[in-house]
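In structure tokens, one chain follows: the form predicted alone.
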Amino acid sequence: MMDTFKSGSRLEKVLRSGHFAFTGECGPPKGANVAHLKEKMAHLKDMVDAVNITDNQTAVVRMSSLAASAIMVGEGMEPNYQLVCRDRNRLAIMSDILGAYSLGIRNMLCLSGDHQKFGNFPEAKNVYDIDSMQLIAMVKKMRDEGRFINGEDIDVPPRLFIGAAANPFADPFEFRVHRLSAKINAGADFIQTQCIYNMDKFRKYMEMAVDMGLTENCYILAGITPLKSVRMAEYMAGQVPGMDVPVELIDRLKAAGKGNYAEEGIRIALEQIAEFREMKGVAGVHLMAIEWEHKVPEIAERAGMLPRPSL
């Protein structure tokens, strides 16, 4: 891995310094409620190295990820600005990238975006002028070459730490690591995986990634979403494409009893974090505590992730 900092991103410095990274996530409100957004953000301050700000996740309209990321910068925190290809053509995407950098944003996660049919405006037209792989390559060209994709010069290039997402469990399983390789070759500096529940399968995925040398060129952060209930686990298992929730995990939650589902879900997450810290090739954890931001300090403390490195 290169040992020079490109972006001024805290997350980049944490990873390049060899620390085990810990990132969180915050969904913007379905409105312009800045006070509520700041309240959610406050639970994550000093608990994680960066916070993903989602971009109309599940194709549901929310405050823009760019605006929410800028608000986070103003609160003295580091956002990981998400941008999806679904809603913008290449002009709008490049414009937003420049705008993000000018607002002090230093991390960016490049995503395709959930199809609009899953959201609250299924009749909306999608764009997909470029896909996530092309988006990664676009940001890299803008950053490293100081050029737009048409070859024109950029006066001040956006020096962003470039991230991408990976789903280790979608079919065909053997292809997933090659998809990961393509994103790294396109220019991804770090990868955040979708939430992991099938640890056996993820171990195999990481073994393949290490054997292919992918972890020498990119930092992989393992995704964790604590299960709050049996109903949530069953929904993830049956209704979310590409999700793999072993029946043994659901049975474990059931055995804990109704009043103990949340605590058992946190215990499972803590066990995962402990294993990820020892797993070859895993450089950190991405904690997606969906509408459970207030639990992040407890999880961080119990997982031994505090205090975060002082850089």
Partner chain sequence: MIIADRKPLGEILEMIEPCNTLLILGCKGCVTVCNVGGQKEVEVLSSLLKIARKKEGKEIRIDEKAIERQCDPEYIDQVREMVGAYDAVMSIACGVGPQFLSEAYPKQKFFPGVNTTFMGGAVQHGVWEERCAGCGTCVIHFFDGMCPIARCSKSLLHGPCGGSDHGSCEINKDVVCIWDKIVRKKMENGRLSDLLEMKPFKDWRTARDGGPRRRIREDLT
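Residue numbers count along the first chain shown, from 1. This structure is a prediction, so every number in the text was calculated from the model and none was measured.
The form predicted in complex with its partner chain exists for this protein as well; it is not shown, and the discussion that follows is about that form.
Just one of Leu103, Ile154, Ile149, Ala124 comes within 4.5 Å of its partner chain in the predicted complex, counting any heavy atom, and that one is Ile149. Contact annotation: of the candidates Asn217, Ser112, Ser229, Asn120, the single residue with a non-hydrogen atom within 4.5 angstroms of its partner chain in the predicted complex is Ser112.
Interface membership of Tyr128, defined by any non-hydrogen atom within 4.5 Å of its partner chain in the predicted complex, is confirmed. Its partner chain in the predicted complex is approached by Glu174, whose closest heavy atom lies within 4.5 angstroms of it. Proximity of Met138 to its partner chain in the predicted complex falls within the 4.5 Å heavy atom cutoff. The closest non-hydrogen atom of Pro29 lies beyond 4.5 Å of its partner chain in the predicted complex.
Screening 71-79, 234-242, 154-162, 217-225 for residues having heavy atoms within 4.5 Å of its partner chain in the predicted complex returns a single hit, 234-242.
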